[in-house]
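The data below hold one chain only, encoded as structure tokens and taken in the form predicted alone.
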């Protein structure tokens, strides 16, 4: 694969394969992209290609205006959403989208995922937001581009930071996650799926289960992410 985007394609390919390995996708219903901010391009999985057939050279390179720079295949149908987020959120390096079961279930219920426990609080201090179903005029327009608008509107309405909350549910659709690179976006997809599963079970065991108290949320988040973090070996 002789391409100046070889490393970016490889990163994107590996992240997509990890999405499949973690059982976060059904057939071809999922995608990961990776961005190169210096070159102002991103790499994304081609549309509808089974994971067992995917190769690094199949990965498509586009600019932030959705112009294909390199690649013979049609890019993911969600490409315009990825492009919109990269264009508007400058500090993300990778984006993942899945149709993972528990995440989708909450999206179909059109509910935020409450912060019930420490697994959730280890990663973010807010409920995982669910954007309302898309307005009719947006559905009838440039749908995938407008999904990006839907995400930004949700974060604005809920006064959330995309850097502090690296995930969202799209009402009636499913999850998008992001991170400093494609691998972190996939990691956040897995975290979201497990938190969604735990929250569902929590509600089944006790429909009146209370949201985790703020002091415990703060403790668990800051021991991993605060200025005096002590989790891990760094």
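None of the values given here were measured: they were computed from a predicted structure. Numbering follows the first chain given and starts at 1.
Omitted from view is the form predicted in complex with a further copy of the same chain, to which the following refers.
- a further copy of the same chain in the model of the complex is approached by residue 74, whose closest heavy atom lies within 4.5 angstroms of it.
- Interface membership of residue 129, defined by any non-hydrogen atom within 4.5 Å of a further copy of the same chain in the model of the complex, is ruled out.
- When contacts are judged by a 4.5 Å heavy atom cut-off, residue 86 does not count as touching a further copy of the same chain in the model of the complex.
- Using a 4.5 Å cutoff between non-hydrogen atoms, residue 206 counts as a contact of a further copy of the same chain in the model of the complex.
- Not one of 56, 64 and 161 is positioned with any heavy atom within 4.5 Å of a further copy of the same chain in the model of the complex.
- Residues 104, 105, 106, 108, 109, 110, 111, 116, 117, 118 of 104 to 118 are found to place at least one heavy atom within 4.5 Å of a further copy of the same chain in the model of the complex.
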